[in-house]
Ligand SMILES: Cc1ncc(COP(=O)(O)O)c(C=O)c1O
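This document opens with one chain alone, in structure tokens, the form predicted on its own.
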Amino acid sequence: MPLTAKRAEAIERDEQDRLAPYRDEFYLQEGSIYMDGNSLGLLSKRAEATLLESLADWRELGIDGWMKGRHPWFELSEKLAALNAPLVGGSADEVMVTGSTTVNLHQLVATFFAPSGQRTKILADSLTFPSDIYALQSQLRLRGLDPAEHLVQVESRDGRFLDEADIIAAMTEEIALIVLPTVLYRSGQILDMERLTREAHARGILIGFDGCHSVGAIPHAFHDWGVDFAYWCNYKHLNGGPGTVGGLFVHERHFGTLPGLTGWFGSRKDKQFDMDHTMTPAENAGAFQIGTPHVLSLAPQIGALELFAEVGIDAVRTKSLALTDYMMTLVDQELTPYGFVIGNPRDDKRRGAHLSLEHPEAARICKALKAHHVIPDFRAPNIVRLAPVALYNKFEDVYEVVSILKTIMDEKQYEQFKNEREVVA
């Protein structure tokens, strides 16, 4: 099928897409195709509106904004937790919107890593995002343990994926805690969280997950799977804005556990302003808050998460899979002769919400795409990541990106750029 016919097919699929009206909810740059929603989601009009409403509450009410106004600040984190909960498969009490990804990881490891006897090690993997490893190393050093000895990282067999059997084999009697990604940030592989949790618990090990590349893109069932804890950012697939406040999940069986890092917003709400020097922790995941909520970074999430409540994560996932499957088909048909290799899982059950195209000239290809007003991102050493987002990308966007890539390769346009990453890749 020639490319012109494929464009007609893409347009037809867009006409049948029931999520197509939600594209108008977002600020899209005219003449540009945004394929980087797995790094930073676009601004929606609803997110902008709730940010402005919170600014108006501050302007009009001053300190009374804590208890009055359109979005009272005192329980804003709890309101957002309730909107996050269906996306991670937990109850509202098990979720809290607070901190950032790495701050929340520090909090959770400080709480649940309890080295004792021969169980003194943390199990992670070699493909996870570096910030997680930095935090785990730091937590080990704080306990006087050498990360070189006490941080075990499961290796990948091929540099792309992790085999759950290898992770399970590493669950020895020396492991006290496991921290793994839900989705690998380079290849987009979804780990079998339910299986890994079951195997960890069978060995008496607590397990937690980094959901940064999955929350808002795929359904989860953290409570039913028995996951001990999880944490994630809200600026990627959830479109909460750059640097917006993160989220965490703590299974209800751990309620009553004193957080490793305590602060006054972890207090029970009715006791917080008693100003007692003996803390009364919240009786749910709220206990894991530390400091005052960053209200103006929380505010866009109100509108952003209302969209997900309206659409539903299952509908998001269905379209996401259709978009990435369509892109893989076009890549196979049009780009394979140019040396592109699909480095993400092809199986729907194992593929997250982005594609990982491997090519030796990946960095300069990304720059060439930007010259064509296509926004991808690059991940070392050789990956072009493309994330068609269900709420605002079209099938025609996918067609256009592959067509542009074909032109870039045919005309060798990438050769005018250096094959090295930009400061922010």
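Sequential numbering from 1, following the sequence displayed. Just so we're clear, the structure is a prediction, and the values are computed from it rather than from any experiment.
This next part talks about the form predicted in complex with the named molecule, which is not shown.
J.: Using a 4.5 angstroms cut-off on non-hydrogen atoms, would D132 count as touching the named molecule in the predicted complex?
T.: Yes, contact at 4.5 Å.
J.: Does S100 make contact with the named molecule in the predicted complex, using a 4.5 Å heavy atom cut-off?
T.: Heavy-atom contact with the named molecule at 4.5 Å: present for S100.
J.: In the predicted complex, does D210 come within 4.5 Å of the named molecule, counting heavy atoms only?
T.: Answer yes; at least one heavy atom of D210 falls within 4.5 Å of the named molecule in the predicted complex.
J.: Could you tell me if K236 has a non-hydrogen atom within 4.5 Å of the named molecule in the predicted complex?
T.: So K236 counts as contacting the named molecule.
J.: Please determine, with the chain shown alone, which of 281-289, 101-109, 328-336, 81-89 has non-hydrogen atoms within 4.5 Å of the named molecule in the predicted complex.
T.: It is the stretch 101-109.
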